[in-house]
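One chain comes next, on its own, written as structure tokens: the form predicted on its own.
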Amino acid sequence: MEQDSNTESLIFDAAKSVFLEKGFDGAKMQNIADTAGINKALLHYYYRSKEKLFDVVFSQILNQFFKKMGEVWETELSIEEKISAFIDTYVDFLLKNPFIPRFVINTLARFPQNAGEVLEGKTNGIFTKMKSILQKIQNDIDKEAAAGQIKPVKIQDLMVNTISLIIFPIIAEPMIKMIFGLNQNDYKNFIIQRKQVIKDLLIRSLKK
């Protein structure tokens, strides 16, 4: 049993590494097997297809992220402080897992009518769980707005603005590098520095 657990851990780490480097479409089961140091037959014994393996990696990574996100919003910090902490968490997560938003975008394109259901299935209902977190954020916003500390705002607007500002530079990485002549290290620093830019924009929008 311990050997099985070790092998699965090797496969998970290898798959994440290969998906990160090559994306879902570019990754091959042979690449993953080689990276894990096992033969392809053993890889197929644990996971019959690349899709099933990706679903496991995708689900586990997102669950870890949403757990962290939930912890941020459960604190007693102000909305401004929570937004700041959320941006830090989200940007750091995407720098480590840039294939996640690209996969979501591709899924939206492949399943235009039921992409939400497909993603919900691949993440063990994570979007349903997220609704309670979003409601908690809205309650916090309403409370501070009623006290005159911030402007009233709908959670839909706040989250769409936040996610858009963070995700676009991740998805558009090749274009941004080309336009501004950035190497990989320059690009990473650019994304990290954008944390404060995004915080300033969003927090300013909440000020009365």
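Treat the numbers as computed from the prediction; the structure is a model and nothing was measured. Between two forms, the rigid core is defined as the largest C-alpha subset superposing within 1.5 Å. Numbers for residues come from their place in the sequence shown, where the first is 1.
Missing here is the form predicted in complex with another copy of the chain; even so, the following discussion is about that form.
The putative spot formed by Ile105, Ala172 and Val197 is fully lined by another copy of the chain in the model of the complex; each residue has a non-hydrogen atom within 4.5 angstroms of it. The stretch that touches another copy of the chain in the model of the complex, counting heavy atoms within 4.5 Å, is 172-180, out of 172-180, 45-53, 137-145, 29-37. Although the partner is absent here, Val160 lies within 4.5 Å of another copy of the chain in the model of the complex, judged by heavy atoms. In the model of the complex, at least one heavy atom of Met130 sits within 4.5 Å of a heavy atom of another copy of the chain. Ile167 belongs to the set of residues with a heavy atom inside 4.5 Å of another copy of the chain in the model of the complex. Among residues of the shown chain, Lys68 is not one whose heavy atoms approach another copy of the chain to within 4.5 Å in the model of the complex. Phe190 is not among the residues whose C-alpha shifts by 2 Å or more between the shown form and the other one once the rigid core is aligned; its shift stays under 2 Å. Fitting the two forms on the rigid core leaves the C-alpha of Asp25 displaced by at least 2 angstroms between the shown form and the other one. Compared with the form shown here, the Cα atoms of Ala85 and Phe65 move at least 3 Å farther apart in the model of the complex. Between this form and the other one, the CA-CA gap for Lys188 and Gly26 widens by 3 Å or more, being larger in the model of the complex.
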